[in-house]
Every structure is written in C-alpha cells, then in structure tokens.
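So this first bit is one chain, no partners, the form predicted alone, shown in structure tokens.
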Amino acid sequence: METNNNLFKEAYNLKIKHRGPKVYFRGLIEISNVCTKNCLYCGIRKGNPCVDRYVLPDNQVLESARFAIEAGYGSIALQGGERQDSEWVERIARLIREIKELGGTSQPLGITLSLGEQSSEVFRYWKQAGADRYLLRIEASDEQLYSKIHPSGTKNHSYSTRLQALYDLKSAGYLLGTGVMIGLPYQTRVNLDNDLKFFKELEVDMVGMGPYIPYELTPLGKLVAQWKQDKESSEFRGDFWNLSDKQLLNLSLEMVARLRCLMPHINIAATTALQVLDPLGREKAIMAGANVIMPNITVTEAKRNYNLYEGKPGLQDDAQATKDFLLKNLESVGAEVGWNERGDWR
C-alpha cells in the first residue's frame, strides 16, 4: 500500500505540473438506452428483456444542456446505446447544432459524443455539425480478452471494427477518448500493462477507465456468480475476478496513476463506477491523477433505466442534487473546479 501511495503522489504532482489543479466537469446526458449490441457485460445489452427502453425527447436533452450552461459546466457528453440508423444519425446532428446554439458564441459548450461504432462518414458528419470529442471505449485492448467479453462469431462485435473506428475518429479530427474495464474475468496484470501501452501508442487525448462491476442479468455477471459458488475449479479465470471492493478500487486507482505518469498531458476521467466501490471513489481518483468528472444531468425518470452495471449511484438525484453532492465531496479533498472551462489539452 505504501508503494501505491507514493505512486498516487507522483501522479498527482505530475497532473498539477502539466494540467494544473482544476477538475473539469462534463455534464452527462444519457440520451437513450436502446442498443443494437449484445456485449456480455452490459446491463442495456439488446438481449436483456428486463430493461425499460427509452429515447429522450429533444426538449429533455436541451433542458439538460441548459442546466449545464447555467451550472457553469464547460462541456456535456451525449451517451447512449449503439445505433446506426439514418433517423438516429440525423437526430444527433440536429441536437449537436441546437446545443451549440444554446451557449452562443460567448459560452459554447464543448460536446463529447459516446454513441458507439459508426461509419467514418457519420463520424465526419457529426464532427462537422459541431461535436468536439468522441469517447469510444475499447473495453479490452487485447483481442483475445475482447472476444471473451463479447458474443463470438458475430460481425456486430468485431475487435477489428472497434479498432478501425478509433482510427476513423482520429482521422475525422476529434479529440479522441477510449478506455478499458479493470478487473474483468480472464483479465491479467499483463493485459492491464498492455492497455496502458495501447493508450500511449494510439496517442489518445482522454481516457475513461473504471472497475468492472458485475451485473447479474448479463452473461458475464452470471459467470462471475457461478465462479464464486465454485471456487475450487482449476479453470483459468484471470488475476482479478474475485477481488474485494477495496482491492478493486486500489487497482483502479493504480491504473489511473500509472496512466498519468505515462501520459501526463491528457484528460483522465474519474469514472462513476468508482463510486460503487467507495462513496469517495471518484475523489480518490482525482487525488491519484484524474482531472475530469462527468456528473449525471440526465432527467431523473430516465437515468434509472440506464444501468450498465449494478449499484449505479445517484439514481434518485436530479442534476442540481448531483452537483451539490459532488461539490461537497470535492471540497473535502481540496479540489478546485474549472468553471465554464472545457479543459482540453490541445
């Protein structure tokens, strides 16, 4: 633990040196939980019949964007399940334009999209509409591990397609974000080491990576539950599948700190999943080198249906309550907020 504390201090000092002391907010709008994918770990996978599907109407999306402007957030993130149909593509482009108009020329919101794989043409179209950043998590940079957490033999879940999408995003001119899950079944320490190398080689601008939190209604969640009942099996399960919450939190913070040491200039998110492991999980990530937080500003009645994992915090809180809670926690660790700042490094 002492080694980790030293690592966290080094990472925090590097953040201060290269990015300054501020934490930047990206107001998260979970625009829809309709998804064409069946990823084995995800609570809103297409094959989960227990999800109440929704698509936020335009007025609710714009209402949340107005809140972000009035609250002093420099950016928002539109996140949703993966869809590629033309109606969806056009709607996103229209919303991007309308959101940009809300802030006017004096206070334009930065817009991050997290809407899954699209064609290179769609990526360029949304960029031309006004999107600034795109977050497309690879989830596991090792192709073999990737294949274990996605349905096998399906074109819709291709590692090569995912990887190509990241290169297409770079070509389209986005500030590029990606990330992985930490503590997956079958995952090893070598996998995590190579994930960091992957970020470096891809020359990403931002990373959002957090702990894998099992969801019992998913195939991967059911597998972990079976493993915990049968602890004596000789089947290879990886290095991390049975960590305690404290151990998984420490591993996640270690990854944040190591990435800050490897890429001191980029944006690193303190992900919401950390808060499942520890009420101050995100704030501890800030002290370990992260500099971005994504407070959820989705309307309350919708956010309870966007459960990627179990134990998602703040489901009953509206955007203002979420902000107040976050500010109280950040104040407890002495973190400064970059109000009305996008916080991009380039």
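Numbers for residues come from their place in the sequence shown, where the first is 1. These numbers were taken from a predicted model, which means no experiment stands behind them.
Omitted here: the form predicted together with a small molecule. The next part is about that form.
- Residue contact check for L308: one or more of its heavy atoms lie within 4.5 Å of the small molecule in the predicted bound form.
- Contact between K200 and the small molecule in the predicted bound form is not found at the 4.5 Å heavy atom cutoff.
- Shown alone here, E139 lies within 4.5 Å of the small molecule in the predicted bound form, counting heavy atoms only.
- In the predicted bound form, at least one heavy atom of E82 sits within 4.5 Å of a heavy atom of the small molecule.
- Partner contacts here mean any heavy atom within 4.5 Å of the small molecule in the predicted bound form, and among 259-267, 211-219, 239-247, 185-193 they occur only in 211-219.
- The single contact residue among M181, A165, L95, L145, judged by any heavy atom lying within 4.5 Å of the small molecule in the predicted bound form, is M181.
- Residue C42 is the only one of C42, A319, A302, I286 with a heavy atom lying within 4.5 Å of the small molecule in the predicted bound form.
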